Structures are given as C-alpha cells and as structure tokens.
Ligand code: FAD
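Here we start with a single chain on its own, the form predicted alone, put down as structure tokens.
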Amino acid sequence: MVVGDVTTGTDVLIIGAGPGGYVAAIRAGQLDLDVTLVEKDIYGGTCLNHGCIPSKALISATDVAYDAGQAEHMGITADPAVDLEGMVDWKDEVVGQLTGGVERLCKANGVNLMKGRAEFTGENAVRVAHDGEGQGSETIEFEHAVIATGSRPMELPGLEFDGENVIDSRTALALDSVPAELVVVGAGYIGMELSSVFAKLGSEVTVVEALDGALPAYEDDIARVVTDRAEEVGVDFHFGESAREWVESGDGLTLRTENEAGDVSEFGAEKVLVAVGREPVTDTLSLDALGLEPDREGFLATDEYARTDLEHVFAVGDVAGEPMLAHKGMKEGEVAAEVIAGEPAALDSRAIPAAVFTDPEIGTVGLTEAEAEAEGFEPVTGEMPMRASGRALTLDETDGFVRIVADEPSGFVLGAQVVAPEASETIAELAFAVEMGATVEDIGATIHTHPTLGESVMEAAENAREKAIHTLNR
C-alpha cells in the first residue's frame, strides 16, 4: 500500500516537537486525548538540540577552563588546554540524553509520534510528507490543532548564511575548532552569550551592533555590567555600525559596516556569526488552506488560552510571539492541552521570568520601575549589590546587583531585575513573589540560608523598606 493513500484521524494534532509542542502532547496524553505529534527534524526542537541546552553546556564547559586559568589570586595556577571538538562531543551527549528522554516521555503518555513535514489542506486536515525517498505522504484529520513550529535565525541582506563563512548560532555551537578571529553581528542575548564564550576560548572577538548599546531589551545599568565584563575577557564592541556585506580577504574575510553618517568600516575575521534575532516558522504550513493569517512578521495572535482566531486551532511557543522563551512555550503548551480537554486553564503573563546566560547572568520578571510608574503605581525599589554579598565574594563573582520593584503604598512586589552570578536561579524566587502577590515584607521576613546568593533577594526587599542590614539603605 502506498503511504499517501492512508488517511488517519486524531483528537489533537500537534505540529512541532519543541518545548511547546512536546509539552502540549504529553499533557494532552495525560488527559486521555488521542494525540499525534508531527516533527520534521529532531524531538526537542531548537531549544534542546541547537539553542538553550547546547549553548548552556558550552558556556559551562568554557567557564570551567577559563576560570581555572584566571585563579592565580586565589592561589591556583593552571593552564587549561581546551579541545573544542571534545567539548562539543560532551555537549552532544547532554543533548542526546535530553532529546531521547522527550521521545520516551511522549511514548509513555500514549503520543503517536510521526516524522515528516506537515501542511494544512483544509480546516481540519493536514498532509504529512515523510522523509526519505519513496516514503510518500499521508493525510491526518483532526478535531484540534496546535501549531508549535518554533523559530529560525534571521538573515541579513548581503550576509546570508552559508555555513562556512557566515554562520548562525546553530553552526557556531557545532564548530570543531576555535576561530582565530570572529566577528559577531548583533549584541542581543545570543550575540552576547556566544561572544563571551569564544573570547574565553581564545578567539579575537569583535561585536558590531547597529544600535548604540548592547542588550537593548534591558535597562542600561544591567547591560553595562555585562558589557564591561565582556570587554574584560577580550570582546571588542563597535556600536552604531550596520553590517552591509562581506568579501573574501586572504585566508579569511572582511565584513563591511556603515554608520549613520555613511562612513564605512572594515573588520577582518575567519568567520562572521550573525545573531540579529529570530523569526517564526509559519510560512511552511500553508495556513491559507486552514483559513488562518499570521501578522506581518509571521506570528500568530493568540489569547490567554493559547487559541488563535480559529476556535479549534492553538499556537504555542515562538510562533505565538514575544517573549520567545522556551518556558513560556512550555506553559502555553500545557494550557492549550488543558483547554482542549475542557479543563479550566489560562496563561498569566505577569510573572514570566527571562534569563540571559551572559557573564554575569541576567534574570528579570514583571515590571521595571519605569514600567510600574507608567502603569500608575507608586514604585519603590530596593537593591543589594553583589560586592556586599558574602557568597558572591567567596565565588569571586561580585559584579552586579539584585533589584526589586514594589508598589510603595501596598508593598506588593511588581517585578525584579537581577544581574549576578546564578541570576537564572535567583529570579525564580522573585517570579514566585510576583505570581503569589507577595510583599517586600513577606520576602524580608523569610529567613534565607547564609551564606547564599539568595540572601541578596532578602536584603533587596529590606532595602526597599529602608531596613537592610548588609547594604546602605536609600
């Protein structure tokens, strides 16, 4: 029988097995729905295979080597040798363990896994083209669909990815040797994370950014801490420079940039890493056959139930728009599955934390002081500098601070910004505080273990009340 002759049915069709898609599939399976999960590449999506997990693995491995070589003031003398190929092999083992786990969890929860590329052929049907010569295709009819096709790196005109000279983050994470010279286009979170990694591995790293500073999504004092640290490890920044084109030059290439005045600059490199953002993957789905239209940038609008403009179609993860965070996609996937199953569920976006794994890390949640004031609150802030933290001193990582934003009349925590070692962990407590409606008094009254980085949260909360012990009050 030809595969293309087969038509099957399912309660829930999910396209894309990244964090949003596989979580939706597992939760729907737990709720006794018949679930089919279609994935064209590898289970786990970009996050597990080419983004979150591999980048953090390389960041951790790089820091082990770099920190050991910079510890003479602690009485440690070492000259670590880095085998990038071996480091990448270890990273791949970590990735393989997690992606294999996703597949096993899906099967254990009764999810029907299907490899292939899905395109809608009507309001309640898709055609899945299977990989491999002669594999054909089949039609799946569904009652509900969840679109979870993720995102891909954005290209720039004149700097299209070729995998050799001009590379994206995925290729950068799989290099088997350290480029002698690397130019990074873009000083957002991906560019900042990877520029520090390669600088610590020995590359001469130059970052060019069209805007006038790094990490434009974050407040200036946060971005400054990270930028200063990146410069300390050897990253050279050039702001106000828009990348235009590259040309071959000797054994490498030359990147040409242009500023607002029209002046052209040239930067030599072995490779150019373009990290200017990501765009949703919705153009491969034939959405017109479904009757669904994305916005100009390709995103699908959704409500608090992760539902699109169509009652029976949901979108989760990066395709549903900012913030493009794996954990936000996971929660959306869970909500979508529960709504489909008739369970009471909705997404509360007030307390979605974000983290950047730079040096030091950044963690944020909720409102900044300016945002709180714009929304009509009377904000008060409390801060704890890491240089006053005993644990930060013992870690030899004293850059940064913890800041809490609260409503002064009520004391309710409205948001927090952390730039500090392990900020990605510290922000969880503050996200919980925003979610539960905690006050700065609640946090200050909670006894925190000493000596820990978490104490800085307590001190920042007390600082907002002018009762801090280990830092000067406002």
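Numbering starts at 1 and runs along the sequence shown. Because the structure is a prediction, the values reported are computed rather than measured.
Although not depicted, the form predicted in complex with the ligand is the subject of the following passage.
Q: Which of 137-145, 260-268, 274-282, 399-407 has heavy atoms within 4.5 Å of the ligand in the predicted complex?
A: In the other structure, the partner sits against 274-282.
Q: Could you tell me if G116 has a non-hydrogen atom within 4.5 Å of the ligand in the predicted complex?
A: Contact check for G116: yes, within 4.5 Å of the ligand in the predicted complex.
Q: Does the ligand get within 4.5 angstroms of any non-hydrogen atom of H50 in the predicted complex?
A: Yes.
Q: Is V38 close to the ligand in the predicted complex, meaning a heavy atom pair under 4.5 Å apart or at it?
A: Yes, V38 lies within 4.5 Å of the ligand in the predicted complex.
Q: Though only this chain appears here, would A306 touch the ligand in the predicted complex if you measure heavy atom gaps against 4.5 Å?
A: A306 lies outside the contact set for the ligand.
Q: Considering A372, L253, L325, L84, which brings a non-hydrogen atom within 4.5 Å of the ligand in the predicted complex?
A: By the 4.5 Å criterion, the partner-contacting residue is L325.
Q: Would you kindly say which of I42, A65, L31, A438 lies with a heavy atom within 4.5 Å of the ligand in the predicted complex?
A: By the 4.5 Å heavy-atom cutoff, the listed residue in contact is I42.
Q: Which residues within 13-37 place at least one heavy atom within 4.5 Å of the ligand in the predicted complex?
A: Counting only heavy atoms within 4.5 Å of the ligand in the predicted complex, the contacting residues of 13-37 are I15, G16, A17, G18, P19, G20, G21.
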